[in-house]
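Single chain ahead, by itself, as structure tokens, in the form predicted on its own.
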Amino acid sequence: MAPVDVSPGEVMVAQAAREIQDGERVFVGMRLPLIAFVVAKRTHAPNAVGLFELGIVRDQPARELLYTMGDPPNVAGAVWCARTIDLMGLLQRGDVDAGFIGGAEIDRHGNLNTTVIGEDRTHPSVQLPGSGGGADIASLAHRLIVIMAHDRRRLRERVDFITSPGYGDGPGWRDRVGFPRGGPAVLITTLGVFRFVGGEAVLRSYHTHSSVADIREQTGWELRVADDVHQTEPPSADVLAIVREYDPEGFWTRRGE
């Protein structure tokens, strides 16, 4: 069993690592997915390959914790240091199995907003960074793994702006607008795990520090709950040791907060 002092970030890392399958090419990104890649490589997915949108491809994680994708440890030992357009080309050709992404807002159909908060596009209440490579990953990877904080301001009935498309307005939308593949497979939050069924998020598990009632209260749409909803499997002692070895101060996992 895992120790009782596991942070929500560590639970999310363990769950995110389970989503990476052996031999897959995965857009890793930063923060918690970065550590999930490390865990997967050292446990069940030794042949997974990590892609970083600035143009770096790695078959082994960087030995040191990364704070940006361009940190020297991420460049040293990479199997390919190319350009962003080269990595986007892999997406376009259908060569990317999965991609991690986050956002400021998400709706029940997995549409993500990282552009603006507020309906007034000219003078939004909050200006966000925009897409980066998020829209490309959401549009062209074979499946999308979403990981983000959980509260009613973020999990909304309708996002203010669709930066990275999920399932639009529901089943069949991606086919109608011409996406060749993909869509959100899972949403991992600080409270639980959702799977997408028929283009809509369904709660499959709640973390040890949460409950279905907590998640319902903090979700901005009418919550669908799986018949077999259960507690999220906590990280094992071995997985927790890997996480804490790689992020000893809890910089990304926010341990101790």
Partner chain sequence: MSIALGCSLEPAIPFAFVHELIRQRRRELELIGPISDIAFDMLIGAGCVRRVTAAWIGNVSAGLAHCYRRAMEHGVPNRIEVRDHTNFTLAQALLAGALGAPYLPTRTIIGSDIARANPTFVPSTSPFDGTPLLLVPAITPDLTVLAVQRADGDGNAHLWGPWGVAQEAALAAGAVVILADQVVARDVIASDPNRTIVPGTKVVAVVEAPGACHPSPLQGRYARDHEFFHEYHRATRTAEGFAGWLADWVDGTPDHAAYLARLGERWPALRLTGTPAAEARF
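Positions refer to the first chain, counted from 1. Since we're looking at a predicted model, the values are computed, not measured.
Not pictured, yet referred to below: the form predicted together with its partner chain.
Among residues of the shown chain, D59 is one whose heavy atoms approach its partner chain to within 4.5 Å in the predicted complex.
Using a 4.5 Å cutoff between non-hydrogen atoms, P165 counts as a contact of its partner chain in the predicted complex. In the predicted complex, A149 stays away from its partner chain, with no heavy atom inside 4.5 Å. Its partner chain is not shown here, and in the predicted complex it never comes within 4.5 Å of any heavy atom of D169. The candidate spot formed by R121, G130 and F179 is fully in contact with its partner chain in the predicted complex: every one of the three has a heavy atom within 4.5 Å.
Contacts between 75 to 97 and its partner chain, taken as any heavy atom within 4.5 Å in the predicted complex, involve V75, A76, G77, A78, V79, W80, C81, A82, R83, T84, I85, D86, M88, G89, L90, Q92, R93, D95.
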